[in-house]
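Just one chain is shown here, as structure tokens, and it is the form predicted alone.
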Amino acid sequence: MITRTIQLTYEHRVIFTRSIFDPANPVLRDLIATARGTGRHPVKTLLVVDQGLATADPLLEERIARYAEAHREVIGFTGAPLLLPGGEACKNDWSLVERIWQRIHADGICRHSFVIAAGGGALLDLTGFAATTAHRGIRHIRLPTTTLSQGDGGVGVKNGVNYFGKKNWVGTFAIPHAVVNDLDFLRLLPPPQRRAGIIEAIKVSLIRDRSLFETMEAMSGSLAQLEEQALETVIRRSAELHMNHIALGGDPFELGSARPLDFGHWSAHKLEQISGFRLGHGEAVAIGMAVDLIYAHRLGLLSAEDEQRALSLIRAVGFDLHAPELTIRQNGELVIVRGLEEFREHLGGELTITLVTGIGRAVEVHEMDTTVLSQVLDELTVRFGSAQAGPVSASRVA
């Protein structure tokens, strides 16, 4: 047996800026200029843009063209941006991966080139997967454009698309060359999308940072009104905490089974699927967190006071804590509970669920009592269910 130790050093960086495609903004140019080393030719760069972003900002393509012209000695954009649909549905469409590969191939993009993705978390996941599988890995830069992606998913090191009806079943771990959070993009979002990122900040505060939770409690009114300064404060700290976990947590590529940042996600992922993605990721995570908070309280792990504080903050910033899909049954079984098995498979074998034991504290458990879970879902329906919500057919289950 011949063995060698391979050590690699990565730099993971998130840059906050405004007006990324203003020719006077050097951020993007400098990121690519530094990476090209001593080369004198412009670096080939493919830009993939979320169609929703392009629709919300009709002048975006014109600004990109001006930026490309101003910095043509460094960045060699390979034609017009590739516009692709965003939202979770894009991760269900394998043909979109092939469209990116086709552009990479046609444009002569290589391992010394760049793929840049501008859009929400789903579009970043899709593009990152295509980039990191072409030529065994092309450098990519993320430009997250939603609160959810700027504070959470977009600053991570995971890429993926859905397959077999399962979320992120196909994917890669790859640290992006850089993540650039242009805060001006957030002004283009409709209110539900601006709100979505707040829930991931509440999530990480509950498991890691009591002071952030208390800050959000104090400015819950401002967050509910989606005031810009409050949103930016939360996004910056959320991004920092997520990066700390990746860089300092000892398991950046998730070789173990612990996923503390997936608190509330085992049921959220299944809930998205059951609802046919009627529920956005942020909405589903809010409900998934409520499930696990009430479950932890019923087990005696979380005090009634802290459970109520957490649920109250989630509601105060504008999230519902119930969806009719929670109570769908097939063959007498609650469909949402199947999310536990899918989550176990996603983790690699051992079920590991993060439960909050106090504001800023958490513990890992390796089993969930389905009888107690059924009681939790009943409690959610009683406490937060809408009397106007109509029945949901089991035929909607994926």
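In this text, residue numbers run from 1 along the sequence as written. Note that the rigid core is defined as the largest set of C-alphas that superpose within 1.5 Å between two forms. In this text the structure is predicted, and so the values were computed from the model without any measurement.
Absent from the display: the form predicted together with a small molecule. The rest refers to it.
- Contact annotation: E88 falls within 4.5 Å of the small molecule in the predicted complex, judged by heavy atom distances.
- For D152, a non-hydrogen atom is located within 4.5 Å of the small molecule in the predicted complex, even though that partner is not displayed.
- At a distance threshold of 4.5 angstroms between non-hydrogen atoms, D125 is in contact with the small molecule in the predicted complex.
- Proximity of L28 to the small molecule in the predicted complex falls outside the 4.5 Å heavy atom cutoff.
- You can rule out all but one of 101-109, 204-212, 152-160, 301-309: in the predicted complex, only 152-160 has residues with a heavy atom within 4.5 Å of the small molecule.
- Proximity to the small molecule in the predicted complex, defined as a heavy atom within 4.5 Å, holds among F129, F77, F185, F263 only for F185.
- For the options Q273, S220, Q193, S113, the one in contact with the small molecule in the predicted complex, meaning a heavy atom within 4.5 Å, is Q193.
- With the core held fixed, the Cα of F277 is displaced between this form and the one not shown by 2 Å or more.
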